[in-house]
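Here you get one chain, nothing else, as structure tokens; it is the form predicted alone.
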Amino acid sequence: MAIIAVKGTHDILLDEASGYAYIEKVFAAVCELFGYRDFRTPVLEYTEVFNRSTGEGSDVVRKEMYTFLDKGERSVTMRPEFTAGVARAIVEHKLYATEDLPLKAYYYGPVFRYERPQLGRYRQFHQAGVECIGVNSARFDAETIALAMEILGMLGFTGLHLKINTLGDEASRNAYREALKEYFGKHIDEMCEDCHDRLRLNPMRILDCKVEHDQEIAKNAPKMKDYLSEESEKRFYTTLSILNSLDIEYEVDDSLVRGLDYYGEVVFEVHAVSKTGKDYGALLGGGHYDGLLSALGGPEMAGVGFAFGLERIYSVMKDDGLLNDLETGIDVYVMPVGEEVLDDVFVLTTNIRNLGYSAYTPMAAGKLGSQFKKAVKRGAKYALIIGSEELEKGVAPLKNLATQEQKEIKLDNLAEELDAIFGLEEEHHHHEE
């Protein structure tokens, strides 16, 4: 049997890996502008971390977790999402007491869910997101939404559509759940098996059901806004008012609930429509939560956050041509002419790298034609051609592979020569913009 990747996992290689690295880099840079700091929590957590925080009514906990007993007979789980692990780390290290509040964390890395693999859905996929924990404020809810919009904007997305709703405080949600129980109780016999469980565990989950027939029934269900406490209503309108002042457009969507049980108050999703008019659905989602830290043994503290899947963001960016100008090539491909120059060329290539430019040279001298083909395939910007004559004279031709222009450069003045060429190129590019 051929040894292949485990079902539901995938290799991220070459240009795709460069695309992921670019998304992560932009994401981290924007998060740091907003005062967020990098958190890296373990992939493996005790199962209790997710059972306590994510809620046993959520599909993630009920059906999708990779949970097993380790050799010490302890139940451990591969993280299905980051929020619970970040909250556990904050409680364990007492960051709520030693750091200024709010604590602002950003993260990215692999997560695991035992889902039915389908197009763009993997069992190991990559998530990036943020948590802002420790201050209960509509302003931080609005700032988190602004951060989400800024990240997607910086990645080049246009035509973004923000959907927002409120799930109210605990009293509002309890009243709403009772109303939903009563409404769906009359229709449950004709609904899917999962909805039978949802009705028992958390009827709000039914609003998230993907079965078309059940969605039709849900359309006439009671609306959260009719069960909101005065305080929750005021808080929601404060958030909307801040978004208005930031010129962030939104649509209030009564049916938006999000998939994890810890959410309360504001929840949101950012949807995207491609340049060709294709609706990609939700790219990113999140919301406000209370009680997550206390569920894990910490103090009662509010938080707000969001997350997105890198696979999804990458495929939409690829479809929309947002990764076309991504530079993945090398700066200089050094071409040896003849076996006798290989040692000198190797040293020269190392010197170019030490100057901060990416460089490659083959370990055997091949025909120039085939070296040029390889240089182009590797996305090299320049080719430096070195034979024994060039070494003797201390001067060699450097060819721009995009324009085919060629100039002689002095090898003993390599730093200045390359700085001048790459500096000019950047300046030229800057003027074009």
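Given the structure is predicted, the values throughout are model-derived calculations rather than measurements. We number the residues from 1 along the sequence you see.
Unshown form predicted in complex with histidyl-adenosine monophosphate (HAM); subsequent notes refer to it.
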- line: From Glu81, Glu143, Asp208, Asp331: within 4.5 Å of histidyl-adenosine monophosphate (HAM) in the model of the complex by heavy atoms is Glu81
message: If the cut-off is 4.5 angstroms on heavy atoms, which of these, Pro336, Gly168, Gly305, Pro203, is the one near histidyl-adenosine monophosphate (HAM) in the model of the complex?
response: Gly305
message: Considering non-hydrogen atoms and a 4.5 Å limit, does histidyl-adenosine monophosphate (HAM) approach Phe125 in the model of the complex?
response: yes
task: Consider Gly309 of the chain shown here, and say whether it contacts histidyl-adenosine monophosphate (HAM) in the model of the complex, taking contact as heavy atoms within 4.5 Å.
output: yes
query: Can any non-hydrogen atom of Glu265 be found within 4.5 angstroms of histidyl-adenosine monophosphate (HAM) in the model of the complex?
result: no
query: Arg121: heavy atom within 4.5 Å of histidyl-adenosine monophosphate (HAM) in the model of the complex?
result: yes
task: Work out which of the listed stretches, 321 to 329, 151 to 159, 226 to 234, 128 to 136, brings a heavy atom within 4.5 angstroms of histidyl-adenosine monophosphate (HAM) in the model of the complex.
output: 128 to 136
- prompt: Taking heavy atoms and a 4.5 Å limit, what residues of 273 to 305 are near histidyl-adenosine monophosphate (HAM) in the model of the complex?
  reply: Ala282, Leu283, Leu284, Gly285, Gly286, Gly287, Tyr289, Gly305
